[in-house]
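Let's start with one chain on its own, the form predicted on its own, as structure tokens.
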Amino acid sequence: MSSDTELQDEKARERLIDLAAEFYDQFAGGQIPEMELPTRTKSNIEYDEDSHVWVYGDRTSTRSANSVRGARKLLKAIYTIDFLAQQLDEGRSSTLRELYYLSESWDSKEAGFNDQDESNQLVEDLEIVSEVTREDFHMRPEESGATLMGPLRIREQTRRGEREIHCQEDVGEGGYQIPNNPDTIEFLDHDIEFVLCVETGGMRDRLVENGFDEDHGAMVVHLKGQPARATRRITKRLHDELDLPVVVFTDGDPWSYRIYGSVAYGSIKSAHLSEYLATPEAKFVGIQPQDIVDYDLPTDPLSDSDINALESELEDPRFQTEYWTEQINLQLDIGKKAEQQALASRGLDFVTDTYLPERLGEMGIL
């Protein structure tokens, strides 16, 4: 393990111990132990006009031991802090799912979690109050499987030491799998011109098979649907540290537009990490409603839930631009949606030879 990683682990462990010490100090001072957090409701999430990301508002709530329910929550927090600190001390890691099951073996039944949502939320609470990410606690989600394919050489930290990998030459057709904590990756050198985030595995495979990454210096990031935190983090690092433009390529429906929104502006669920995960400069390449019209793509009709989602997006601060207002209203007018793979109706090479070069040219990327 490198010295930088050791220092990061020690910092995370100290923050956790400091939290536990605060509870002890409150006890010693004759106070009822409590923990203050931002109120984690949709009404307390704000779109920051300066940073262009979702952030928590000013409202807070208090977890206090002055009630049985509050005391149980703090008890669970103490047991979780103890587990995470020990995990860091031993240089081990675990998944969010494992934490839920592990709590069943704790010596206090009251400290066990009722379900995984409860344990997930507590880990997020600890992130907020400690200002340390769960990745630095060595907590992993279940495998996301998201990958990179492009002209980038990296150095990554593994349990067997450091290794260098080229994300085209040293990987198979599946690409380089993004680790749980992308901050353990060091960018060495690259020939990337832009980052292309792709929603579906089928489109990602089409781009790689057609050599789009090699022909255009593209770093193809497979979002695998709604992107995991690690995927959004490495995308932000590629933009910020290598000064690369980022474009997002999804299906043409309201749920996919929200995938773009989570890459660019962050999500409500992880508002406390928006500045760490979101890339506000990311642009949307398609599928646009205008593409459905221009290319006469095969479509499906909009469902009632699609229509409701589109109307909601017209009120969403993330989509309050002339471009999005025009595109969403057009989609509501035509009543249709289309998948990325619908471009194959014009041939398997159409997306790489025509559609993306034309769209990226219009956007000034190519």
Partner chain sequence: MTSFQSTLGEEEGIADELAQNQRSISIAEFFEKNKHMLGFDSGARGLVTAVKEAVDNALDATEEAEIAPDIYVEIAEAGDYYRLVVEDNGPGITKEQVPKVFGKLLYGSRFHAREQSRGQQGIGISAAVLYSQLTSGKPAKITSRTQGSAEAQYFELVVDTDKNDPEIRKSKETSWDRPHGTRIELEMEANMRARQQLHDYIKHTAVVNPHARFELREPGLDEPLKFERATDQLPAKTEEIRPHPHGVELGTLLKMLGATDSYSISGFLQEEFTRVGQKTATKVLNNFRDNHFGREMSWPAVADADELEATIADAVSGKGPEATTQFASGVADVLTSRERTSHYELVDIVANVAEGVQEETGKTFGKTVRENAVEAAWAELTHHEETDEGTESALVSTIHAAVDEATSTQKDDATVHGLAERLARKFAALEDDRHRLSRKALRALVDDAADATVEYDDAAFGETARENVTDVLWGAMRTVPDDAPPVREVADDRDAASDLLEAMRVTDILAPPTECLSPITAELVEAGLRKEYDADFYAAATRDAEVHGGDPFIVEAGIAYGGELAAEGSVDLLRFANRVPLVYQRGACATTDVVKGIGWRNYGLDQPGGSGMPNGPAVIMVHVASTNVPFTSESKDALANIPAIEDEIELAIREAARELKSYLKKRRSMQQRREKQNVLGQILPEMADKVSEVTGRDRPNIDGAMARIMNNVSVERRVEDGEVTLSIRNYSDRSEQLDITDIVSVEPEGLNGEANVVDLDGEWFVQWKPSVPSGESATLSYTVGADATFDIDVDGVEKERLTVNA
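Numbering follows the first chain given and starts at 1. Owing to the predicted nature of the structure, the values given are computational and were not obtained by experimental measurement.
The form predicted together with its partner chain exists for this protein as well; it is not shown, and the discussion that follows is about that form.
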Within 4.5 Å of its partner chain in the predicted bound form by heavy atoms, the stretch out of 76-84, 122-130, 227-235, 259-267 is 76-84
With the partner left out here, if you bring back its partner chain in the predicted bound form, are Asp25, Ala28 and Ser67 all within 4.5 Å of it by some heavy atom?
-> yes
If we define contact as a non-hydrogen atom of the residue within 4.5 angstroms of the partner, is Ile32 a contact of its partner chain in the predicted bound form? yes
(message) Is Glu110 near its partner chain? Define near as a heavy atom within 4.5 Å, in the predicted bound form.
(response) yes
**OP:** Although its partner chain is absent from this view, report whether His239 comes within 4.5 Å of it in the predicted bound form, heavy atoms only.
**Re:** no
Looking in the predicted bound form, any heavy atom of Lys283 within 4.5 Å of its partner chain? no
